[in-house]
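Before any questions on binding or motion, here is one chain by itself as structure tokens, the form predicted alone.
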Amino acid sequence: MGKIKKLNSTARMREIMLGYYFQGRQTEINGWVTSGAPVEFLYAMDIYPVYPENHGALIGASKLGTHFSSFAEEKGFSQDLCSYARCDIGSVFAGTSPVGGLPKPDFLFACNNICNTVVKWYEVLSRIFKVPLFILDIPFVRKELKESYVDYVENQLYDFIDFLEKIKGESFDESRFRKVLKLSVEGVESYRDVLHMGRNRPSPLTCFDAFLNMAPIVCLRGTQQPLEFYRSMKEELDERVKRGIAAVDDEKHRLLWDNIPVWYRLRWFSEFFAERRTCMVADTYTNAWTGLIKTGTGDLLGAVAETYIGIYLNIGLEEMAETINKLIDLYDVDGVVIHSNRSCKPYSFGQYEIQKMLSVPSIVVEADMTDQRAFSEAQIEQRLDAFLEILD
């Protein structure tokens, strides 16, 4: 198989995330939060956010997705449910995980801009742990973002501040919040600079590098750590470009990945494409965290609301196709690999319609982000080889 050129930054990322999980057990108050939620409010109140979705991805990457899913399935949770949810709930029933399990939450914060499964998932967790749950309801944007949508979410954010003040027993500090938002924006900008390195020919990184190193912008957004980490990662990639070091030797094809990665087969996919001189230079998943909050506006909560309403999974199919086509142009790719993810219905629904609207050839492969039972190596290899032949 093709040789993988590991980034030194990945080892640093693992150190950061181990520290993140360790610190989560030491904090006075923590809240479990969905990946698409405005975490900046928690950091502004010195409340530690814990991410069950990231935990599910970690379980998947450890090749234990099926194992922990079974604990949830034995309790009656269907195999058709999101495997992040099954992994996380299963780890609660199992009492452990690759990081020893997550600390018991003091409250739960679910935002449905990524999917509605998280609402039911967090309702289950609320019953298990007997802790309060705040649901931030985000309107779906079919064509255009309406002012009424922003007002609706902004009003809920005021309610959420009241919720956090009761949890913490302290008043919300707007000046502290502004500082957190500033760090959030700077961290996202730094992260986006890293992803944009894939525009180089040849590319110094693959989307698999991006997958492995995305955790800080999800879990630590609004702190100093992502800003420093991604600046350092950018320097490493700049050095690769200067020295002519390509992520894939003799880069021939440039592709874009759509959907959540197949966590338990990242290495397999990376080697498969490298062997065929194909570089996966970008993806829709990591680019979903590149939205910038307009902190210069007078209506700060409105700006936060607008950003979190307009994320990738909360828009219509035509808008999704337009976003992918912009990425196709930005990264100058030859084709798109579409992961039809058994677990993630919002991400996978409509992919065959989106496929018709893309400006380059594409292929759909079926799998699951953490559940190994939904992966057929022979079938996927055959389909991808046939697709690459079309691009030759």
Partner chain sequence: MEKVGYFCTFTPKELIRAAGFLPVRVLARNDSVSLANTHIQSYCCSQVRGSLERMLNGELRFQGVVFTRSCDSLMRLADIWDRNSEMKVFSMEFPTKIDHRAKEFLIEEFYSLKETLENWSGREIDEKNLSESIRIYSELENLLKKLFEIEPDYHLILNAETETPEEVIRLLRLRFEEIRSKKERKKDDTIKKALVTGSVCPIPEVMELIRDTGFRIIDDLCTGSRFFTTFTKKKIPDTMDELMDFLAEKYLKKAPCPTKNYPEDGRFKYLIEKAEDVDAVIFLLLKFCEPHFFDYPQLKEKFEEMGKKTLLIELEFPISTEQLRTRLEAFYEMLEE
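Residue numbers count along the first chain shown, from 1. Keep in mind it's a predicted model, so treat the numbers as computed, not measured.
Only in words, not in the display: the form predicted in complex with the partner chain, which the text now covers.
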| query | finding |
| --- | --- |
| is_contact(Pro202, the partner chain) in the model of the complex, heavy atom dist at most 4.5 Å | no |
| Non-hydrogen atom contact Ser190 with the partner chain in the model of the complex at 4.5 angstroms | no |
| 4.5 Å heavy atom contact, Lys345 to the partner chain in the model of the complex | yes |
| is_contact(Gly350, the partner chain) in the model of the complex, heavy atom dist at most 4.5 Å | yes |
| Residue among Ala288, Ile167, Val119, Ala94 with a heavy atom within 4.5 Å of the partner chain in the model of the complex | Val119 |
| Contact assignment for the partner chain in the model of the complex, among Cys82, Ala247, Leu195, Met280, heavy atom within 4.5 Å | Cys82 |
| Segment assignment from 269-277, 131-139, 236-244, 173-181: heavy atom within 4.5 Å of the partner chain in the model of the complex | 131-139 |
| Residues from 70-107 in contact with the partner chain (non-hydrogen atom within 4.5 Å) in the model of the complex | Lys75, Gly76, Phe77, Ser78, Asp80, Leu81, Cys82, Ala85, Ile89 |
